[in-house]
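Single chain ahead, written as structure tokens, the form predicted alone.
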Amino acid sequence: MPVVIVDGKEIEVRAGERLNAIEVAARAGVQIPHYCWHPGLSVVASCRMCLIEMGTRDPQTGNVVMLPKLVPACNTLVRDGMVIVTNTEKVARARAMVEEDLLLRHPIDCPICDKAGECRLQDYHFQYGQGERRADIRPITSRKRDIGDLFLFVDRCIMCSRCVRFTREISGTSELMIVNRGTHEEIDVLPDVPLHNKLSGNVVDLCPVGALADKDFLYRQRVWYLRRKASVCGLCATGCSIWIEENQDRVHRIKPRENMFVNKWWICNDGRYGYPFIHHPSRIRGVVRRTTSGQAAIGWTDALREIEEKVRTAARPAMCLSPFLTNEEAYLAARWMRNMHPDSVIALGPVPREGEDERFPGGFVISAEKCPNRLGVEAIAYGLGNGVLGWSDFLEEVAAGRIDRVIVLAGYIKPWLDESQAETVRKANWVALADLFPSPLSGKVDLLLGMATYAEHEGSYVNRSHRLQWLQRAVRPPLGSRCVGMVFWELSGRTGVYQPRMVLAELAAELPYFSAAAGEIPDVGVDLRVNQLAPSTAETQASTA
């Protein structure tokens, strides 16, 4: 196995593995500073911040011969016997000179810059820069340019070209380019071709110094006030790993979380900027019961008592599960329904789709299926049910009078049924609906329950590639609203607070499709197909439906 020596420490590299000096140094616990290099982009070695000393050890004699000049670590692929030295005075002097050169042209406008607190120029200056600044501090100019989806602060740019390479290699749109030459180089777009594509927000994350600013986040929060929770995007079936960043129970920013199995380092703009619905004033809050004079708010205790009594005394009740539920919510709800009434029916709500999958040159896919957990909910419904109805079959059964009481667990973000479908569901003599927003059905139901969004509770989703990922609660739901899991946890007679981890363990023990989720869930999730040597009929139906 090839061996690389990093600052005197031997690091083994797998045969055939292509790593540069930055990556192999990271395995040794050594950080090599860099601006232009990014593992998801091509290598240009332009910033020179990652300069190191490099040599070769003779395998016979053990003697080390070092190169006379420093080399950039980002474009130095490691090989057996390579010696990398990152902590000499020569390397430190080179890094300090790079920092000093960058600060000659970079304005010191940290008090107003959105990147303050997470800026690599700041961090590296204090860690690797000169002890004193020898150049004059220029007045703040902050030349701001609207380049389409984002703002470009021209003076702050250090010409790392990450953003330019991203639009060429990942989004494939090539809106950004470098104009002029030498010290007059700038990032720019053509006059009639602004930066506008579904992945454009990623260049803000890529920019190491705050030259590219997000219009949605600009001047809204200082980053040191934000707390972040690892979660999963709930807006399409790709299921990107994300960070939800909030302050005082309000989401301010969504950023991608690295997951090489799902989204690598990126997310789309739909997921990044689609969070305002979480705090929309039209959210359904609390519990409302329909009365002869209209609607009246009631408590959760009365609501749960009514749900239990209506289902227990029904002739043939039905529960409709939406693909926006977590696995734990769908499991608890379907299990409770089956236990409460032997003739109960489990149905599946409509699956929202918009156009076709959008595929980008870098491999990123925006799914046409605009829900996060169709596969998981279907697997649970088929695994627990003795016959599962699709949405249209469910409506036919209700219209024919063969279902008398209905619980609909919705949670849709966009309109999901029309007036005609709502009238059909209303033909049942009692209807309860849990949802996020008013719909043609919400004004007709007997019981209306306010739900939680994907940012407001814990649970798991199964994405389009059968990968189960865990989402954490980032903010609390609106006053009076609850997640569906809490409702059916209490209805099932379980004591204490709702524990979705415990529910997932039960689910993994009961349904083979979820068996890979029996243990701890890694940050990148688990592939549920890993234990599926002989899929059952139900799982096959779920995966192909």
Partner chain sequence: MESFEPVLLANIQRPDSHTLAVYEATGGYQTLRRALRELSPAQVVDEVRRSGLRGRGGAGFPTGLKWSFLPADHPGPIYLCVNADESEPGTFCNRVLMELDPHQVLEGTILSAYATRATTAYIYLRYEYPLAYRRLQAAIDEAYAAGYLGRNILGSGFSLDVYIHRGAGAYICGEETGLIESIEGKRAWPRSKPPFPAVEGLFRKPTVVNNVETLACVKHIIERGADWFRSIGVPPSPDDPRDPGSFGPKLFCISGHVNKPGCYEAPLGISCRELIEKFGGGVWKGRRAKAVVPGGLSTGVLSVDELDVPMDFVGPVQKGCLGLGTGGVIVMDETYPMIEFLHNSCRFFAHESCGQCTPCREGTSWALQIVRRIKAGRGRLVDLDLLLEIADNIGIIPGTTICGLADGAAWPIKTAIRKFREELEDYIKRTNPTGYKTRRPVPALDNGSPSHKESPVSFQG
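Residue numbers count along the first chain shown, from 1. These figures come from a predicted structure and were not determined experimentally.
The form predicted together with its partner chain exists for this protein as well; it is not shown, and the discussion that follows is about that form.
Taking L51, L511, V484, V503 one by one, only a single residue has any non-hydrogen atom within 4.5 Å of its partner chain in the model of the complex, and it is L51.
N75 is the sole member of N87, Q127, N75, T291 with a non-hydrogen atom lying within 4.5 angstroms of its partner chain in the model of the complex.
With its partner chain omitted here, the record of contacts in the model of the complex names 65 to 73 of 516 to 524, 65 to 73, 475 to 483, 492 to 500, defined by a heavy atom within 4.5 Å.
Interface residue remark: D192 is not counted as part of the site for its partner chain in the model of the complex, having no heavy atom within 4.5 Å. Using a 4.5 Å cutoff between non-hydrogen atoms, L41 does not count as a contact of its partner chain in the model of the complex. When its partner chain is considered in the model of the complex, C47 lines it closely, a heavy atom lying within 4.5 Å. Contact between M340 and its partner chain in the model of the complex is not found at the 4.5 Å heavy atom cutoff. Contacts between 96 to 131 and its partner chain, taken as any heavy atom within 4.5 Å in the model of the complex, involve M97, V98, E100, D101, L102, L104, R105.
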